[in-house]
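First, one chain by itself: the form predicted on its own, in structure tokens.
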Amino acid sequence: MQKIRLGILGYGNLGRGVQYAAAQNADMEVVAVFTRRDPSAVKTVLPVKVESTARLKEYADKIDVMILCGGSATDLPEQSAETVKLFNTVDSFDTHAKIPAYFDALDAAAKQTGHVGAMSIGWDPGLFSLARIYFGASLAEGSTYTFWGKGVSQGHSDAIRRVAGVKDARQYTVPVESVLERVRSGENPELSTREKHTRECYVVAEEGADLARIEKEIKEMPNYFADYDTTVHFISQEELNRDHSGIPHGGFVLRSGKSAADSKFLMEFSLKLDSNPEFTSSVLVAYARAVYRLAKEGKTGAVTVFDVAPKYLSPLSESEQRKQLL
């Protein structure tokens, strides 16, 4: 069996998760990890070659799909449109407000060299996006709600760490339980962003840093915290390591509505994850398979979860899918 050759660009929590996920798929192999750090200093969870990002071009014909594992705040906007000129790619860009512009840039770059770039792949955006579109199409009259957490948001934690004077950070997204129950009861309330969630930030500041400035920058950060009731706790590195070392997450997509005959319906899709990055990585690897197959069929340009038929994700053949899953 010819294996799909994967590359991993960036080796943090997500990159490590991709290695684990690829190892669970018999049709996948990781060829190399690429890093901006000194390759000799990067210790991988499974044996694999580690290369400098300066050598990416040398692998253009050795890798079928490159999985981009950087953060959405600064890494992916800089990397995706350039990397897709060399490889088919998959990324987990999750700044919802900037998705349309990100798509346009990736689409133009991918079409220049005839590659496929799958973007915003994960569970939200990603699987939750599919739930929203399926639920909305299936239940014409109703309201759709998305709740995240309680859990650690990798993107929001990364955004805090980019603030000057921040050494380390974890951010928890917390759904307002009373509001979630109102939705489940069929009340169909109109809710603002602020009413549905709160955000809890645990921050390790550099010695001598201006704590008031850091807190203000976090709370006013557009697309991340400005629209939420946000609490910032300054703690030591030891406390962060002891009490906040895990990366759990999860959430819910619900659609509450009724039929023309006034029968009530509630649709719900939920996730509960011990490790946010390891689960996101599993979704990235499944979409790497889809990207590989789409590229073989001659597809080019950017794609999202809305553009990829489910059959491309499964390691099963189409006849096996119909027999076992339909």
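Counting begins at 1, following the sequence as shown. Because the structure is a prediction, the values reported are computed rather than measured.
There is another form of the same protein, the form predicted in complex with another copy of the chain; it is not shown, and what comes next is about it.
Another copy of the chain in the model of the complex comes within 4.5 Å of a heavy atom belonging to T304. With a 4.5 Å cutoff on heavy atoms, S138 counts as touching another copy of the chain in the model of the complex. When another copy of the chain is considered in the model of the complex, F34 lies well away from it, no heavy atom lying within 4.5 Å.
By the criterion of a heavy atom within 4.5 Å, Y59 is excluded from the residues contacting another copy of the chain in the model of the complex.
The single contact residue among L191, V176, L86, L127, judged by any heavy atom lying within 4.5 Å of another copy of the chain in the model of the complex, is L127. In plain terms, the part of the chain that comes close to another copy of the chain in the model of the complex, with a heavy atom within 4.5 Å, is 95-103 out of 151-159, 95-103, 205-213, 235-243.
Taken together, E78, V163 and Y172 are entirely out of contact with another copy of the chain in the model of the complex: none brings a heavy atom within 4.5 Å. Using a 4.5 Å cut-off on any heavy atom, the residues of 266-286 that reach another copy of the chain in the model of the complex are, in sequence order, L266, M267, E268, F269, S270, L271, K272, L273, D274, S275, E278, F279, S282, V283, A286.
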